[in-house]
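One chain comes next, on its own, written as structure tokens: the form predicted on its own.
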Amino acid sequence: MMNKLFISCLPGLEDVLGQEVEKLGYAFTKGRAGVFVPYQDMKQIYILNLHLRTASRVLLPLATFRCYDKNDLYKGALGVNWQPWFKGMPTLAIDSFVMHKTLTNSLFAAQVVKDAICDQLKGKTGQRPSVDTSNPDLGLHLYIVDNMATVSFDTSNPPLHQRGYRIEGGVAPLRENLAAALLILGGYKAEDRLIDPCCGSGTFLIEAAMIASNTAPGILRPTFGFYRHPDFNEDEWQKVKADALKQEVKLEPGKLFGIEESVKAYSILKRAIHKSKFDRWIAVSNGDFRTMELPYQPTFVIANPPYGIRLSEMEELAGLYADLGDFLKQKTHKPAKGAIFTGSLELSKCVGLKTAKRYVLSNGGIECRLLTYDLY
């Protein structure tokens, strides 16, 4: 796999991610929580990071080796020439996934790799890099399964769901790459008139605007991991960005509308839309979707309503889900599509509509379902 990139995603999104990769002109094979793509050159890495909507990370393998125990892992990591990667001694973090008979602790396995890197650099330069797990300059990924270990360079760092428009403080915000995937799976098209009746911090609205305008999802990001690659070429990267900007298409106004009841969430929502630069195309209103006068009849409705944990919450939310079902039936311009993403199987039954398709996906460790509806 040394000549293949691994592009990771949330489990269940491999097919959607694969379709995106193909649209960019690259072949892929499905893996576990991601896809393998034959590695070509640095330009390919720039393009994938900039344009993929549903990916989490683009990983470039540096070494693959047999790993039966801690010593094998240490020797394998020591076999990589780390000096070119640590010019200026950047801070380091090692993400890890381990399924192994003797190496049962992924944190310990990552520590072994870190020790090998530090020992090599100390011997060659007299310096050791510092670890920064929250905001590292350089990210590595360790993957050990079936006595084979792969150490990869994280060309994304931070993860690709961090688009650059998020305003902190939203309640349990949906990750941007998951929101994009839900729109794609739900059948959203650029010509649709979309409404999100419970829009929270506006992630569906902004991702829909990006899809409809063919805006590269990474265009607002201030940094990528590949800036730290020894072969990073600033001029070539700027050309890739310039090409992406040329591919953008103008949005039609009056096609994206969101409703948010919470005053606090509404304030965060407005700032996020402003930061995304889609103020002119996304309209939002503070209020209750059940009583609000709509600017148009939508052809696509998507919502991520609260899931509820306690029994009292579930009883209260049952009415909300029933009202969402009524909204889909009564307020849409037929034929239309609806999509509801929820972590509660019980509450989903309250929508009262027959589902067209169901997708099981994970959101923050919770097993969730995307329920889609064809409305006639």
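Residues carry their position along the shown sequence, with the first being 1. Computed from a prediction, not measured in an experiment: that's the story for all the values here.
Although it is not shown, the form predicted in complex with a small molecule is what the next lines describe.
Taking the partner from elsewhere, G164 is found to have every heavy atom lying beyond 4.5 Å of the small molecule in the predicted complex.
For F289, a non-hydrogen atom is located within 4.5 Å of the small molecule in the predicted complex, even though that partner is not displayed. Contact check for G76: no non-hydrogen atom falls within 4.5 Å of the small molecule in the predicted complex. In the predicted complex, at least one heavy atom of P306 sits within 4.5 Å of the small molecule.
Of the candidate stretches 238-246, 129-137, 80-88, 255-263, only 255-263 has residues whose heavy atoms lie within 4.5 Å of the small molecule in the predicted complex. With the partner removed from view, the residue among G225, P197, G186, P217 that has a non-hydrogen atom within 4.5 Å of the small molecule in the predicted complex turns out to be P197. Screening L174, V112, I144, L251 for any heavy atom within 4.5 Å of the small molecule in the predicted complex leaves a single hit, L174.
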